[in-house]
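Next comes just one chain, in structure tokens: the form predicted alone.
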Amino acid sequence: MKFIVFILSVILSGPAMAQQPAPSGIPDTLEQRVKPCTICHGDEDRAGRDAYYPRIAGKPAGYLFNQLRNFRDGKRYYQAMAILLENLSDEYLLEIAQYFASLKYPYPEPAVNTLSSAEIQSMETLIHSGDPGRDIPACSACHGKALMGVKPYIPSLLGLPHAYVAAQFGGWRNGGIMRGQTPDCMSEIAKKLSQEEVNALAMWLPAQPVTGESAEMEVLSPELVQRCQTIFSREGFPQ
């Protein structure tokens, strides 16, 4: 891991890196400088569903930009990412976010669904209708009907490995180091779910086929935008 962090910190060192002559035969392009990101986050040749690290290719640019800033500024913590991003400017982070948002790598095949019929029905209800009695909105209300995210700030729920989904819910529920230092709406929602529901969601989501692209912002209700306003930070992101 130390080796990976060192390589990434050198290659993603921002505009200062761009001012240095590139080694012979290696073009000094953003594509080349961010290539080591795929060591952890994968590419079209490493789209496995058992990895811990999430797919970032094709995620909405605003979402990626906010997450990069959160790691850099300590609002979300993972040591390797914190070290990697600590000296990068907003402008450079935006370039990185827009680059990865533009990629169209293939998704892995859906995982085998091992849930029972009752569990599947329960998850589909939670995904598409939520649970008003517990003040849990439908997942699709924020992440889009196809669960492919909403531009420019909300990510897709599909195409993610089981280990990553489970870890993220664990972080939201228990304050894990990968999640934000400041509670957000997902932390609030995850804590209202039972452990059995979290386990089932982490199995159901990777078993769904990935179709379509991110929806547009207009699909979100004003109530949900207000509820999750920390997600929709527009500072520094072009409209």
Partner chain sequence: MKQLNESGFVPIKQQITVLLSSLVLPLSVMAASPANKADTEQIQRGEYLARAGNCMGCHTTRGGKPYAGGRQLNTPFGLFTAPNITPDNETGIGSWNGEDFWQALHYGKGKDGSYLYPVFPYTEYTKITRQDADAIFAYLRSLSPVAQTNPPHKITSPYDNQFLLFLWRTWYFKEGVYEPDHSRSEDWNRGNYLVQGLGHCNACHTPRNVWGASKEDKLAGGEIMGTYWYAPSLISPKEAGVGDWSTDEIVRLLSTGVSAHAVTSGPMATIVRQSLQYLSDDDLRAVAVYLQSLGEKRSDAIPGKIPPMPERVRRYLALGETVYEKRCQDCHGKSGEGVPGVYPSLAGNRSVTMISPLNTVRSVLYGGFPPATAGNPRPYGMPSFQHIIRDQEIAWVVSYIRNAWGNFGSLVSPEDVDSSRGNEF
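Remember, it's a predicted structure, so these values are computed and weren't measured experimentally. Numbering follows the first chain given and starts at 1.
The discussion below concerns the form predicted in complex with the partner chain, not included here.
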| item | value |
| --- | --- |
| The partner chain in the model of the complex: contacting segment from 204 to 212, 55 to 63, 191 to 199, 32 to 40, heavy atom within 4.5 Å | 32 to 40 |
| Contact of residue 164 with the partner chain in the model of the complex (heavy atom, 4.5 Å) | no |
| 4.5 Å heavy atom contact, residue 116 to the partner chain in the model of the complex | no |
| is_contact(residue 124, the partner chain) in the model of the complex, heavy atom dist at most 4.5 Å | no |
| Residue 106, heavy atom within 4.5 angstroms of the partner chain in the model of the complex | no |
| Single option in 101, 83, 146, 139 placed near the partner chain in the model of the complex, where near means a heavy atom within 4.5 Å | 83 |
| Stretch 67 to 88 - residues with a heavy atom within 4.5 Å of the partner chain in the model of the complex | 72, 73, 74, 75, 77, 78, 79, 80, 82, 83, 84, 86, 87, 88 |
